[in-house]
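This document starts with one chain, in the form predicted on its own, laid out as structure tokens.
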């Protein structure tokens, strides 16, 4: 055993995969120690807030001001304009502002704002535009003019007569120190469609998906191992029956069968454990066939025949004389079953058939929510790309570990 473990950890592919997977697993357990917020807490009153640090506007007004010789105007005014508004600006400039399509295609955000300030005229002929759209362009122009202006901002409060009275003004060179602001929150990966912190939700979803993969892999491996050992060792009619059932499950696509089962149990009954168990119960066939083929090649070996002649029971022969020789294949099958279980859950959740729960999330559910609320269409990459990346990393690390084990235990693949 010691020599086997040494050989395993001398495999570069296994070590790389193990480090990646263990590092991700460690992060999912350490992160909640520092961030104890509820993963499904709706901290934002809106959809898809961009990554960054958010501070209280009220605190900035009430804080002490510091005057710095730094121009407050953004180097890129386009950062403050929504993508949809940019697209509308481009259409207006081409259709009504006299700007050529070639010039517009080559324009970046700063050039776009400059062209807008130069060419936009609310009194220009805008044939075909609805009145509401014209008013929207007027409001957009006022916002852009305000962004491009260095004018002081007036702070007013109601006086005793209920009228607004100027109390202070803020110019473009006045700043506040963020350490003076107590109410601030950093969203490394922004918020999702429900206004929830994506990073906190992603960490919890990774833990749940790993749990699903572990349960599914355990169920599938145990079923496949048990049937494979019995089928390969006993043979005869028993083997024919098991092979018939295995072939039947093989002919019927496992994912279609998985969809039918999860749909039939109903939404209220689809918990994390049930979904993981169903995934495992529909993905054991190739493990069974692999173990069976190995057992058939072992059951007539000399040490097995010697155990038979010694009067040992079938259970002892299988557990002591056969199972140790197929253990490496079982471990590799288990690793692949974990990866397959995670991917299967993600596919089910994308179809709306994943775990039905309001207390936690899975990687597949996060992808489903991002798709339903069109995150990929409105440029909210932080709602889906980190999820895809985590799923990819998990599958990549597990498959890398399996490849490393295969090189260790398969003589034909050794260097």
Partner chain sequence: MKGYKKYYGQKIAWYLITFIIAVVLNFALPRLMPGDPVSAIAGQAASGMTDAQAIKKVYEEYVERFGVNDPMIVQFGKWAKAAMHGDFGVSFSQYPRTVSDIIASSFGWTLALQLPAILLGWLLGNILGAVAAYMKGVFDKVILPVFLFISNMPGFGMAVIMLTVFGIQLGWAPTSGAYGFDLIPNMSWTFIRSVISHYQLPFWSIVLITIGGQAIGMRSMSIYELNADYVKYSRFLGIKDRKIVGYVFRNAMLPQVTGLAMSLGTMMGGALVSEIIFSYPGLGTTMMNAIKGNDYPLLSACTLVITIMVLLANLFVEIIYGIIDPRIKAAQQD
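All values reported here derive from a predicted model rather than from experimental measurement. Positions refer to the first chain, counted from 1.
The discussion below concerns the form predicted together with its partner chain, not included here.
- Interface residue remark: residue 4 is not counted as part of the site for its partner chain in the predicted bound form, having no heavy atom within 4.5 Å.
- The closest heavy atom approach of residue 178 to its partner chain in the predicted bound form falls outside 4.5 Å.
- The shortest heavy atom separation between residue 94 and its partner chain in the predicted bound form exceeds 4.5 Å.
- None of the heavy atoms of residue 54 is located within 4.5 Å of its partner chain in the predicted bound form.
- Proximity to its partner chain in the predicted bound form, defined as a heavy atom within 4.5 Å, holds among 120, 194, 286, 325 only for 286.
- Scanning 28, 356, 371, 47 against its partner chain in the predicted bound form with a 4.5 Å heavy atom cut-off leaves one residue, 371.
- Heavy atoms within 4.5 Å of its partner chain in the predicted bound form are found in one stretch of 273-281, 305-313, 218-226, 259-267, which is 259-267.
- Contacts between stretch 242-258 and its partner chain, counted in the predicted bound form as any heavy atom lying within 4.5 Å, involve 244, 247, 248, 249, 251, 252, 253, 255, 256, 257, listed in sequence order.
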